[in-house]
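As a starting point, one isolated chain is supplied in structure tokens, in the form predicted on its own.
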Amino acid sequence: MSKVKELEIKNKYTGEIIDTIPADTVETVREKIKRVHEHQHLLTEMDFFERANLLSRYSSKLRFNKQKLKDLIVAEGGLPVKYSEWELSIVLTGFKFCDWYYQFLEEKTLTSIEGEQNVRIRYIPHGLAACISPRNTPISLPLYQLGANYLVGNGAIVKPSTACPLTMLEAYAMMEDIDLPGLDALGLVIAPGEWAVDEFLSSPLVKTIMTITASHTAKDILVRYAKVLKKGVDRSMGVTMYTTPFKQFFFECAGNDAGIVMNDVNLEQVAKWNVMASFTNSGQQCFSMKRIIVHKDIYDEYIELVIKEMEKLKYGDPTDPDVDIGPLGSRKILMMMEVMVEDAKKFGAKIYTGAEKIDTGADYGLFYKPTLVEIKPELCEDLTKAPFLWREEAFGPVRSVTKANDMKDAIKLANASNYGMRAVVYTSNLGNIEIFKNKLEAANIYINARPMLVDITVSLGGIKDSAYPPGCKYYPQELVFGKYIYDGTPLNIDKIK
């Protein structure tokens, strides 16, 4: 048996140990997978609306215990309290109104070319899903993964980040408190991602792997899956046969979102929204605005206004309701922000503001001041030669800004990326809006919208390296498969009696 280890979960701001919890071992992970698999029938024995109503009831439990959850999100996640409210609201609204997803799961009738309606598409749950969640959202994404699987009837195991597992453990305990039917078909794994993912990949009981992670990590998972497939090679018949069944992979990855500001908008309003979109949760969001592209005619005025808004941001104790910027999630993020800024300097980049760190020398209380870096547009198109800050996601409070000559130039710069999660445009030219919608290479396009739009109707996803499979999508939609059923009984019953 593997020795049970304990994890010390620290307050991201003070370094105080919040709790010490046991970590899973290889044996306990395998036991949890087996238990969840054996109890999946508890979910499929209920219909969609029963499960939806139960999730709605659970959302009430979360709402009445909101303060306890917020305290954990702030402490272990470092998310400022004003934004912890936002993260919780995503879950509360989503679970309260999750019957909205029925439109994707309802059995559908197809009309043949001859007008007959003998075919139906019925949606069937894939089976046990293993879900890997990120550190930056202690509750919204892991609980969305768990809830989406429950809603469609899949058993599910969620592995929250070991940097902030307490919020999800508390959320799961609240499921136990209300004796949520089918709870034995849901589980949590508290273990490092490296070997836990290998367990999910090698288990024949796991049918789907859902991850919300960096694109490079997702690709590494596929490489490791190839090794699992190779272990199941059978050459006994003289040909190579891979006997290990396929798994379904559902990757939500990095974003390097472009925000375009044209020369026909209220710059004061747009600057405020852009700063909010760029630096919420210290910029540690996949859908943060990361590459700002500004029309040359208003560039200088825009820069002045954005810097003014950035300097209003307050950083420090995330329990302070006035704080906008909380501590970074790890020393690795602090180091990456430094590396990206220093690399940009080698390309002659101009640092408008920021580029200073607060380093306690420990793994808590780490800050990087909100930073704006100008990158010359001629450096942005060839990604093999572009600054690191432009071509990769800055998962922290560092943002790049560059100048566009016109709309065509702005679109070209926005599309100069290996990522395609979101793109945001601000323009009052109604004639150009459709061009932006059609030409921008991203799965989610926002025109003249306030930042941080997330609710049950907002789809996730991206193209390029931002998601696999590509495109905007809803989790429940991806967790079922369509079964084609042709029933010729009305036409042929007399012939086959």
Partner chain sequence: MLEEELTGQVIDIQEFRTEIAKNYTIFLTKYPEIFSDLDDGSIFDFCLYNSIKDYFDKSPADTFNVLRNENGIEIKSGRANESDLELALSIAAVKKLVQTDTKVEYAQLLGSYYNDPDEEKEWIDFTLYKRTQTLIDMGYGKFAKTAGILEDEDEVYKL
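Just so it is clear, the model here is predicted, and its values are computed rather than measured. Numbering follows the first chain given and starts at 1.
Here the subject shifts to the form predicted together with its partner chain, a form of this protein not shown in this document.
At the 4.5 Å heavy atom threshold, is F250 in contact with its partner chain in the model of the complex?
F250 lies outside the contact set for its partner chain.
Taking the shortest heavy atom distance, is R35 within 4.5 Å of its partner chain in the model of the complex?
Heavy-atom contact with its partner chain at 4.5 Å: absent for R35.
Do Y102 and its partner chain come within 4.5 Å of each other in the model of the complex, heavy atoms counted?
Although its partner chain is absent here, Y102 would touch it in the model of the complex, with heavy atoms inside 4.5 Å.
Is M276 near its partner chain? Define near as a heavy atom within 4.5 Å, in the model of the complex.
Output for M276 is yes: heavy atoms within 4.5 Å of its partner chain.
Quick one: from R63, H39, R30, K439, grab the residue that has a heavy atom within 4.5 Å of its partner chain in the model of the complex.
The residue in contact is R63.
Among I463, I445, M452, I435, which has at least one heavy atom within 4.5 Å of its partner chain in the model of the complex?
Of the candidates I463, I445, M452, I435, M452 is the one lying within 4.5 Å of its partner chain in the model of the complex.
Where does its partner chain sit in the model of the complex: which of 22-30, 63-71, 39-47, 467-475, heavy atoms within 4.5 Å?
In the other structure, the partner sits against 63-71.
Stretch 216-248 - residues with a heavy atom within 4.5 Å of its partner chain in the model of the complex
Residues within 4.5 Å: none in this stretch.
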